[in-house]
Every structure is written in structure tokens, then in C-alpha cells.
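Given next, in C-alpha cells, is a single chain: the form predicted on its own.
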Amino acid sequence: MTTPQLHIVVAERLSREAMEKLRAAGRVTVLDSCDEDSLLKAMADCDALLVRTFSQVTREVIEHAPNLKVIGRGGVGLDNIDTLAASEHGVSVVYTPAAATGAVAELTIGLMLSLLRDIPANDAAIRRGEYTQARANAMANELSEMTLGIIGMGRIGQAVGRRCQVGFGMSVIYHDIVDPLALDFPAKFVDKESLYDQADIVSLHVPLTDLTRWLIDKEALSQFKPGALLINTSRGRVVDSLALANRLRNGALGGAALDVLDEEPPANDHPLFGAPRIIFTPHIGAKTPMSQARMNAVVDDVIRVLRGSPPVTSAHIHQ
């Protein structure tokens, strides 16, 4: 039954089914833009706010919404929401942390293989008529010969590690500030420095926090094993782009594959565009129908909160 007094603002459009659920719960406003000015204008009588990737829910936005009860993020991370400000104002934050686990793990492994076998460059060479030369220069190790180093052994890190160890026979080492407890595949915990030194492939699976921002900087990259590959499907600002570009240019690294960048979309003069041995994808880790459906399911938790029931998945905010 529609509850007209509830006002739900959708900053980034969800699926038709999700929108129908929201419209059954209250009055829905869909924004044309999700910039901060648009959010501020919409928040005066807002009871619930739905966002995805590009909305920045700042303290100012939250403080402009005296009626706000819940913020729903259709996605895995919460770095675009000031969760501390939400907690201080009694606003619940709900999200979908497990929505993209399999999809991101599959893309991560696809990027590993594409980089290792130089698939984009070989495709381009053939199109230029350099078939024989490309074939003569093609030689790469198999994953079973390599050590995978995972930074962040959460849901996605474990999904990647499991697939790589069980499916490809890779040795897996990892580092995390949180103990993942018992893993269901062989993997060894090491400190970051040992991981950088030993891993043939370093794969990043951490949220963006004060601890992880620019984690992979000039100093960290200098400790990487010569010729190592870097895969980032987590958050762009975990990696210092200029430092990575310099390491690729001087040949210290074997390559990098990035689904995320420090600015999205990147400027035309982004420092990594001129670097060799690098593959980009446009933040598509969760771009599968199954992942999108799970992300759209955040509306169920939003409606639960609006009706006074506890959500299934909410953010744990440390003050």
C-alpha cells in the first residue's frame, strides 16, 4: 500500500522492478543528476536516499535531510557515503556487500590472463598485419607456475584465491588486517613486504579507507618482485597512478590491469595512458545481470527500515 508521506529519492536509476517496489512504498523522485547540488536540493523532506557508484553522500548532504532515515547503496563499497555522519544523525546505511563477488572474481582472472598472454596487444598486432612477428614473440608462463599475492582476503579476495588455487593450481599468499579465519583452500598469510617480494601477480581486493588510500605507492611498488603483474579491481585510489606509470615505463613491472582508476572517467592526459603493458576496463567488475539484480535488491532493505524493521545487511560504523 502506498504511503504518500514517505519521500524516496533515487539518485542513480535502479531496475524497473526495484523502482516499482519503491513506488509502492512511497513517493519517488528520480534525479537527472547525482552531483552534490542536485542531492542537496532534493533532500529537504527526503526519508530515504538510493545511490549507486557516482553519488557522493557527504556530511552536508546528510545534514540537509532532517527526515532522512536510511541511505541505500546498490553496490559493494561505502566509500562514497559519509557513514560516520549518517551514524551521528541516526541514519541507517544499507548496501549489498556480496552482490558482485563472483563477477569481480571472474573479471580479475580474465585480466590476469589477458595481461599474462598479452591478448589485447596480440589482437592489435594481427589487425596491423604483424601475425608472424606477434606469434614469434608470444611466450608466457602458465598460472600454475606462479604465486598469487592477494591484498584483502574478504569475499572477493577469497573468491579469486579459491578459483586460482583450485582451478589453476597457483600458490596463494595473502595479507589482510582482518583475520579471514578458516579458508577452504590452501593459502598462506604473510606481511605486505613479503607478499610484494614473492608474488608474481599482486591482486587488490580492499575497500577504500584511510588505511588503503594510495596503499600501492612509490615505496610499495619498489618492493614488488621484478616483472610482477598488478591487478586492481577494487578502488582506483588504492594505487598511485603516477608511481605505477613510472614503474611500468622503466620496466620494473611486467604489467598492470586496472578496472578502476583514481579519477573516473579519466582525463585525456592521465599519466597511465602513456605507460606500456597496461590494460584498462571501465569499472565493469559488477556489470553482469546477476550482480545488478543483487545490487537492486538493496531496495528491500530500504523498505524494511522505512517500515521500522531491521535490515538484512547494514554498515558497521566505527566511531
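One-based numbering along the sequence shown. Not measured: the values here are computed from a predicted model.
The next section is about a form of this same protein that is not shown, the form predicted together with nicotinamide-adenine-dinucleotide.
- The single contact residue among Leu31, Val260, Ala275, Val28, judged by any heavy atom lying within 4.5 Å of nicotinamide-adenine-dinucleotide in the predicted complex, is Val260.
- Interface residue among Leu195, Val160, Ile231, Ala100 relative to nicotinamide-adenine-dinucleotide in the predicted complex, by the heavy atom within 4.5 Å criterion: Ala100.
- Only one segment in the set 64-72, 36-44, 277-285, 248-256 has residues whose heavy atoms sit within 4.5 Å of nicotinamide-adenine-dinucleotide in the predicted complex; it is 277-285.
- The closest heavy atom approach of Ser171 to nicotinamide-adenine-dinucleotide in the predicted complex falls outside 4.5 Å.
- When contacts are judged by a 4.5 Å heavy atom cut-off, Gly152 counts as touching nicotinamide-adenine-dinucleotide in the predicted complex.
- Although the partner is absent from this view, Ala199 stays clear of nicotinamide-adenine-dinucleotide in the predicted complex, with no non-hydrogen atom inside 4.5 angstroms.
- With a 4.5 Å cutoff on heavy atoms, Ala182 does not count as touching nicotinamide-adenine-dinucleotide in the predicted complex; it lies far away.
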